[in-house]
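A single chain, nothing else alongside it, follows as structure tokens in the form predicted alone.
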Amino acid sequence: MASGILYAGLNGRIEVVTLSAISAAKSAVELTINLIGVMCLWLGIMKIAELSGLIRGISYILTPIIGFLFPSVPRNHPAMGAIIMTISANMLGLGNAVTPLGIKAMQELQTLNPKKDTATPAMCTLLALCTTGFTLVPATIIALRSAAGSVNPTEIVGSTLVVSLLATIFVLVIDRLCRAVWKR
């Protein structure tokens, strides 16, 4: 940016920098306003899913898998519910909702941590899962593509599903390998 301003100044075209900055600011505001509407729609759908019991159903399906992935977390501990909510939101592609849920899950996992200054294997697994983010419906990306004027904002669903599934499988394998190596 500094080199662009310097280059424009040396060529006597500093007004281009000003016009570009104003145009970019206008575009950012328009994109944000468009995103607010789409994000409200998806958050509303998430609320309907929660009230209709869909989230509970996903949690019921995920409980055995989560129990296997997080063997050190007792099944009735609040950390288990927070982990399930985090992964459910991730699967629905609600990136903005995942962050506060993930923080809550980490706080609950910290209550089980005997060494408060060191991450537990369960914390590392959760972080890895949140980072790869297996996504069934990439709602945030669809919203961004829609707000940016994409002709077909949902065309990325299939590829996102495959890539996020492969990344999640890969990271879980690495997680298990790391647990085996550092357990010795």
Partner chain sequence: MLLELCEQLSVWAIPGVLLIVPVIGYLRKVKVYEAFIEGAGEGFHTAIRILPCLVAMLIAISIFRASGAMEACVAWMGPVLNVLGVPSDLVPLAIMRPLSGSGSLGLATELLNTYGPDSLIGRIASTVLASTDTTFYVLTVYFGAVGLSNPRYAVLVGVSGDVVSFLASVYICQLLFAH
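We call the rigid core the largest set of C-alpha positions that still match within 1.5 Å between the two forms. Numbering follows the first chain given and starts at 1. Please read these numbers as outputs of a predicted model, since none were measured by experiment.
There is also a form predicted together with its partner chain; it is not shown, and the following applies to it.
Contact of Met106 with its partner chain in the model of the complex (heavy atom, 4.5 Å): So Met106 counts as contacting its partner chain.
Taking heavy atoms and a 4.5 Å cut-off, does Pro121 contact its partner chain in the model of the complex? Heavy-atom contact with its partner chain at 4.5 Å: present for Pro121.
So, in the model of the complex, is Thr63 in contact with its partner chain at a 4.5 angstroms heavy atom limit? Heavy-atom contact with its partner chain at 4.5 Å: absent for Thr63.
Is the gap between Val98 and its partner chain in the model of the complex 4.5 Å or less for some heavy atom pair? Yes - in the model of the complex, heavy atoms of Val98 and its partner chain come within 4.5 Å of each other.
For 46 to 61: residues with a non-hydrogen atom within 4.5 angstroms of its partner chain in the model of the complex? The stretch touches the partner through Lys47, Ile48, Ala49, Leu51, Ser52, Leu54.
Can a Cα shift of no less than 2 Å be assigned to Thr120 between this form and the one not shown, given superposition on the rigid core? The answer is no, as the C-alpha of Thr120 shifts between this form and the one not shown by less than 2 Å after core alignment.
Residue shift check between this form and the one not shown, rigid core fit, Gly158 Cα at least 2 Å: Moves: no, less than 2 Å.
Note yes or no: does the Cα of Cys130 move by 2 Å or more between this form and the one not shown after the core is superposed? False for Cys130: its C-alpha shift is below 2 Å.
Note whether the distance between the C-alpha atoms of Ile45 and Ile103 decreases (closer) or increases (farther) in the model of the complex, against the displayed form; the change is 3 Å or more. The answer is closer, because the C-alphas of Ile45 and Ile103 approach each other in the model of the complex by 3 Å or more.
In the model of the complex, whether the C-alpha atoms of Met46 and Lys104 sit closer or farther than here (change of 3 Å or more): Compared with the shown chain, Met46-Lys104 is closer in the model of the complex.
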